[in-house]
Ligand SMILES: Cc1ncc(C[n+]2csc(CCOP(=O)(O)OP(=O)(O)O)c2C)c(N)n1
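So this first bit is one chain, no partners, the form predicted on its own, shown in structure tokens.
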């Protein structure tokens, strides 16, 4: 973790906006201790549902910890931590129908798990196995799975926002019940694709939910260096796109906001939701957050951790015990270990596979390039 020593020029800690939700126009249903606020609405999330969603959050954190270890030990090439951002992706995914399409940012793995994607195939993607849905051609964490209507994450931040808008527009033209959820970070709002999508959405009213996950940092760029606006949600006003802000570490608030946005999509069009959260760790495995933020600020956010808040909410109601926690933590450990062991035995595609699927039929230029590459690298098939 980060230290509070001065390395580079880290900024001074900023107040946590969740401490004063009314001042910042943030919908908040439970406080830092898991107690309901005046806005509380369970939105139909009963005991069993909350338990299930909590379990996904815990599994995501366990995957995150294992992914970090795998990268640091050299077994996978890259890792994008998601610690602290579990609630927003779990709640948003649950609010959508299984037939809806989800476009994901690079910290979002919940749709894969919640829609029945195999844990083994998830780790197979991280290892770059040939049998995973993307045939081992993407960076670890840029997952996608057509079988569960999850669009693969692109390397270019936010480039998919226009695509999400287009898919929602196509669904509207076809008279389909399909809706679209696009999840992206605050840094993506600085790209042209965000503004193009908002402009189109404001005019044509596609049934799209745009979820901006604001964790305060676009890699090392703080909020005040990204925009002069006091919030990202208000950017929707310029395009006549309804917008709101929610506590992104509040499972109930996020679920209620996304569910309502989905419901009104066919009649009222798009909604832009800004979910306020916090990245507890590194931006990626190539990052050093000590250079731009202080550990003191991270500590200010820890009481708002989404997993501890949700667990406290359940504990207060007798829905979850220490025994439940220990048993499920062990289950996560066992399931992840089995998935890792299975994924590591899968065949890894060779360098020549990058030429596959470029065209429907092979082309002489690609064939020539393939032969030249294989000659240069002295390629032999590699297995896990």
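For clarity, every value in this text was computed on a predicted model and none was experimentally measured. Numbering follows the first chain given and starts at 1.
From this point on, the text means the form predicted together with the named molecule, which you will not see here.
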Stretch in contact, per heavy atom within 4.5 angstroms of the named molecule in the model of the complex, of 106-114, 234-242, 143-151, 248-256: 106-114
Since exactly one of 137, 191, 204, 260 fits, which has a heavy atom within 4.5 Å of the named molecule in the model of the complex? 191
Exactly one of 218, 171, 122, 129 has a non-hydrogen atom within 4.5 Å of the named molecule in the model of the complex; which residue is it? 218
Would residue 96 sit within 4.5 Å of the named molecule in the model of the complex, counting heavy atoms only? no
With a 4.5 Å heavy atom cut-off, would you call residue 157 a contact of the named molecule in the model of the complex? yes
Consider residue 269 of the chain shown here, and say whether it contacts the named molecule in the model of the complex, taking contact as heavy atoms within 4.5 Å. no
I'd like to know if residue 182 sits close to the named molecule in the model of the complex, meaning any non-hydrogen atom pair within 4.5 angstroms. no
